[in-house]
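The chain below stands alone, shown as structure tokens; this is the form predicted alone.
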Amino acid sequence: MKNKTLIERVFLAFTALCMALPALASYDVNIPPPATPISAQIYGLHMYILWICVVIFVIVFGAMFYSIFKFRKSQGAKADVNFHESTLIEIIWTVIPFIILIAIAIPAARTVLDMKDASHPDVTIKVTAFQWGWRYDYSADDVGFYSYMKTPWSQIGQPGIEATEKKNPDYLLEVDNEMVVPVNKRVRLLVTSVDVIHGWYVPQLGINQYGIPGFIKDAWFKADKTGVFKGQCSQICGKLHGYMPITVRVVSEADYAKWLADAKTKWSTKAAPAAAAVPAEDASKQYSLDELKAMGEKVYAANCAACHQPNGKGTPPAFPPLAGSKIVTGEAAKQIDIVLNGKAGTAMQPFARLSNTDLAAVITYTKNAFGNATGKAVQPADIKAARR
């Protein structure tokens, strides 16, 4: 009877395992498919070393399990404590690991040297990291722009606030402005940071380069097929570390030329440095209070809600509440100064990179949201006049 119960349990467990196999089959655990020659080298090196490890595992554990089974006590085996060193065995277990290390080191060194050879680029892009986003400067073409996560907070949610929208397929990997590069061209990246250490990581391109304040590190890739390739910051860089996605779109040369022509009209850096960081706009345009509040709500959700919370209550003391804040409900000049230039000694970063219209809208929104019914509006011209 006991044997029958045991057989039934084994059968049920086997059935459950078989039912779970389709789900396991769709779980990706390996390196993503390579999209560049250097990432193909990395993938090949990874698989090469993996199979070496598999062979070592099979030999070592095979010998161990065979010894345990063959020389077990129940078969009459007795432990022999009278053994002595063997010069031959010591030479063998020294030489074999040495050969294995050499077999791994040679292709690994070749791959690392290829990864670091960023010479003769066709396109050079400066990548500047900051908490929490990226700036891409195509210096030779006088183009520069910022890239932020585009996934709305209504999909992410906040502590105590449930997400209200279904998550997109590219959840937490969407950006507003993609890095665009031509196919089959060597792209050199000059990676740096303005605050803490970040990591520009796109696995399919074979790049994981640290951005270190005060230093410029270079890396390169040459995509051999068109497509969209995604990554994220690979360093724990602060509160919103998980919200620094990267998107690289590889296009044909003709499409790249079209994109570049359009980018020059939107993000030209030929203007003076202070003005070049601000998107082109008509700062003299006047908006109604309702228009500014509607625009400001979107800007707040994208740039402010993570720290100050969607309800404006913040997470004191690191992120003070905006609801009822004397700075927010008081004169606009002080709030404009803090939003533009940040506040030293706190987590408040400068947001001068946003347009005059966006800053005017978000300041107006905070003055008239979360119970702050001031009825006051800030216009783009006010922001432009306050810029240093």
Partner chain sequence: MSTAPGGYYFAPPSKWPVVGSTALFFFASGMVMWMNDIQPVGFLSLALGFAILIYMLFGWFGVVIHESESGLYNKQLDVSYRWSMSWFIFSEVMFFAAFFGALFYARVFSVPWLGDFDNALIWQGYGAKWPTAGPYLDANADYAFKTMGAWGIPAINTLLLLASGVTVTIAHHALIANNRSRLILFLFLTVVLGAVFLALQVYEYAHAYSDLNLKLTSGVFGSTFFMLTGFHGFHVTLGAIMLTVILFRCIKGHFKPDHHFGFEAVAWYWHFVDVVWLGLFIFVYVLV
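Numbering follows the first chain given and starts at 1. Note that this is a predicted model, so its numbers are computed, not measured. Take the two forms, find the largest set of C-alpha atoms that superpose within 1.5 Å, and that set is the rigid core.
Beyond what is shown, the protein has a form predicted together with the partner chain; the following relates to that form.
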Want to guess which of 177-185, 210-218, 256-264, 296-304 is within 4.5 Å of the partner chain in the predicted bound form, heavy atoms only?
210-218
Should V123 be classed as touching the partner chain in the predicted bound form when contacts are defined as heavy atoms within 4.5 Å?
no
At the 4.5 Å heavy atom threshold, is V251 in contact with the partner chain in the predicted bound form?
no
Under a 4.5 Å heavy atom criterion, is L190 part of the interface with the partner chain in the predicted bound form?
yes
Classify N356 as shifted (yes) or not shifted (no) between the shown form and the other one, where shifted means its C-alpha moves by 2 Å or more with the rigid core superposed.
yes
Sense of CA distance change between N356 and V196 in the predicted bound form, threshold 3 Å
closer
Do V194 and S355 have their C-alpha atoms closer or farther apart in the predicted bound form than here, with the shift being 3 angstroms or more?
closer
